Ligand SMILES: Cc1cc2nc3c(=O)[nH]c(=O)nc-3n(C[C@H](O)[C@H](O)[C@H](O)COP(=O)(O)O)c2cc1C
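Shown below, as structure tokens, is a lone chain in the form predicted alone; questions about how it binds or moves come after it.
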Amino acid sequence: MKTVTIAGQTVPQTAALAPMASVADTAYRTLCTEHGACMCTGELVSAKGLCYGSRGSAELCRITPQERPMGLQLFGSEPEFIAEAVKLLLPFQPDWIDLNMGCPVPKVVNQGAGSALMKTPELAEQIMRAAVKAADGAVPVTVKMRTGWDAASVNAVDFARRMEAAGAAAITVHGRTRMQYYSGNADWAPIAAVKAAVQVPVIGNGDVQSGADAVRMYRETGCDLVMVGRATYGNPWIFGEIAHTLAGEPYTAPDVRTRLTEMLRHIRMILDMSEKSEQLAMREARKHALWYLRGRAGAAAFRARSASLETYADAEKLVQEYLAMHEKRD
């Protein structure tokens, strides 16, 4: 297996887990790492919230040994807050700090942060310089960006060059503009253009949904590493699929029993790793349960019941009943 060094971390050249707010929590990252994710990044943290002592922001900075190598991600639009937040992250000992310049959601964009920074590259450059200076060599600083604000303003190459000049140790490019959100098809051409334009490692992101997609992204973009996001929903096995495909080995997808057994383990991990009550933690676990049987027979009824799970025992009962029905039908 080939390896690649990104932000000081030498890892298998397979696939990394994307940072995903309200999805990729500690349990999710741990599960995906167990299944072969070579790197992961935490949920985006508000620089201003961290500076103002937000407990919620601080809780997002926890890193467990099982998740490494792992980075922490900040978002913000003011260099001084980003600099202070970087210093506040250092005691958590992240393997790198990532600056989010790609999030498309209004509550982030309306602050001038996330993908809004694609419209203000000079400010984005100031933010990167402030972060690198604040890190003071303790950890590398990376950036995750989009291809541009909209189809009329695709500026990925210029933006990436600015980030490199400002000290970014690696650049992740999601192959969509902000205005696309997550719709339509990702355009990988700007990822290839960024790779050709900079010397630092480039990570490609967007529409990698299978091992074959990962092989194609590596081939078409020349990127140093592939990053996978939404395709991991209910499917941590995708990292194994990618590794097998890259190695030219056959891959067998998990059967229904294996999927649901892992779903229960995932829910158990959420409960065990959460400081919340079982009832509150189960509310967060519901969305994960919804994803494990996507596209399979009886999935609609399974999802409907998953949406009202209150306890782990409820989840166990749901799985037992579904498997009994599934195996009887077969």
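Each residue number is its position in the shown sequence, starting from 1. These numbers were taken from a predicted model, which means no experiment stands behind them.
The following text describes the form predicted in complex with the ligand, which does not appear among the structures shown.
Item to check | P19, L44 and N100 all contacting the ligand in the predicted complex, non-hydrogen atom within 4.5 Å | outcome: Yes, each of P19, L44 and N100 comes within 4.5 Å of the ligand in the predicted complex.
Item to check | Option from 87-95, 125-133, 244-252, 202-210 whose residues, in the predicted complex, bring a heavy atom within 4.5 Å of the ligand | outcome: In short, 202-210.
Next on the checklist: So in the predicted complex, is the ligand close enough to K195 to count as touching (4.5 Å, heavy atoms)?
Outcome noted: No, K195 is distant from the partner.
Next on the checklist: My question is simply whether R230 lines the interface with the ligand in the predicted complex - judged by any non-hydrogen atom within 4.5 Å.
Outcome noted: Yes, contact at 4.5 Å.
Checklist entry - Is there a heavy atom of T177 no more than 4.5 Å from a heavy atom of the ligand in the predicted complex? => result No, T177 sits far enough from the ligand in the predicted complex that none of its heavy atoms falls within 4.5 Å.
Checklist entry - Are any of the heavy atoms in V11 no more than 4.5 Å from a heavy atom of the ligand in the predicted complex? => result V11 lies outside the contact set for the ligand.
Checklist entry - Among N235, T221, Q73, S77, which has any heavy atom within 4.5 Å of the ligand in the predicted complex? => result Result of the distance check: Q73.
Checklist entry - In sequence order, which positions of 131-158 have a non-hydrogen atom within 4.5 Å of the ligand in the predicted complex? => result Contacting residue: only K144.
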